[in-house]
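Single chain ahead, by itself, as structure tokens, in the form predicted alone.
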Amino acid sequence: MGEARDDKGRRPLPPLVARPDTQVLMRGFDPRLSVGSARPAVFRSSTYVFSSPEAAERAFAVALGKVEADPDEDVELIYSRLSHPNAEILEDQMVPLETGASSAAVFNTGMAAISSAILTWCKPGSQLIYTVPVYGGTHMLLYELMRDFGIQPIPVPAGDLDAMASAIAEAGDLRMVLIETPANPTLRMTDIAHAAARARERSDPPLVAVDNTFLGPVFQHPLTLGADLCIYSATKYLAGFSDMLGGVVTARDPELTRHLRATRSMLGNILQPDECWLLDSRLATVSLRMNKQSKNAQRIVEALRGHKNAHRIHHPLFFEEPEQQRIYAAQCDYPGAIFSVDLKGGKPMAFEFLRRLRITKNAVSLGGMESLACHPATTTHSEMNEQQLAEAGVTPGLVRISVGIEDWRDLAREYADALNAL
């Protein structure tokens, strides 16, 4: 038999096989739909015209979950609160970045992503296990809102295998295990594979969700370790320039994403077209930026370790406990760009340290191109009481530093000078 050719006699192109860093520049976007533009345009429309009444009926049936879309079906758009072209492009291009993901959903903030996930699967009377310490905004969400909705939060110390196993086994109507690893701001690690395995032992397994903001999607891959969901504050490393807000949830099972998008359409917290376009333009550089920042942080911590004015420096490469070392080695590729220093002299010395920084900005948030430092006990975790702060290891002398892409030697000298001056 002769070789297959098209109607013009040309041989067909072979199937395209590309690695994630290449796919992120190709998926989800057809230049022919944007007047040949090499990169996606911004679609600011609030509503979309249907090609026919039948197409409108089909679009609503799919959107409301009455029927499932066929795998290759191009369901027409309805309204930008439900979805829009820029959200679809961004979600499709997030998938190759997240090892093990099948789909993604974008939100207007990281807190919107977390709250939507909890509200999708946790109902009044149900329970949610979470690791301690946890970002202060998440702590406030659990205790100031979700508890009032009848969702009971159950804290488990980060990295405590026995406590995690017991909590999962003994909980009643357990709907979710929410893991933040490394933990904010102490960097303590939690064994994702262990928690996922214990969750699957229940007759009614809860979802395992991982806040992967500190290390993902480049250095830690929770979905390959058994987690069901990865949650991001896209404001941080995904966006990378401290100039926008966003949130992303990736999932192994596309059915989970479908449920999550249904919640999003009701709450109206989808990421807007301009921000989707902006975030989409940053994804191809995530690995480049995070690798540079991680190398910077490692060199800085190596230069500062053992300083007389620091009780301890928290960094994944320099955990003192063997169990923390084991978890890091098992589930992380590199340590990331966050470290915390616990200063002797408590809060006064922490404040004085921050006052002496000139390159590093005294600001909350993290993951930007510029270095940032803050005092968690009085800022990001200030809604926690003294007992909760103590249990979480957020001491009065703790300063959290997010390392940027500046020359690491300048940053190391700045921190050493600030420590010497205390």
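Residue numbers run from 1 along the displayed sequence. This one's a predicted model, so the numbers in the text were calculated from it and none came from an experiment.
Beyond what is shown, the protein has a form predicted in complex with a small molecule; the following relates to that form.
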query	finding
Of T235, S116, N86, Q220, the one that lies within 4.5 Å of the small molecule in the predicted bound form (heavy atoms)	T235
Selected contact from T131, Q293, N184, T250, since only one has a non-hydrogen atom within 4.5 angstroms of the small molecule in the predicted bound form	N184
Partner proximity in the predicted bound form: T190 to the small molecule, non-hydrogen atom cutoff 4.5 Å	no
Contact label in the predicted bound form: G336 to the small molecule, heavy atom within 4.5 Å	no
Interface membership of D211, the small molecule in the predicted bound form, 4.5 Å heavy atom rule	yes
Residue contact check: G246 to the small molecule in the predicted bound form, 4.5 Å heavy atom	yes
Proximity to the small molecule in the predicted bound form (heavy atom, within 4.5 Å), stretch among 323 to 331, 269 to 277, 93 to 101, 212 to 220	212 to 220
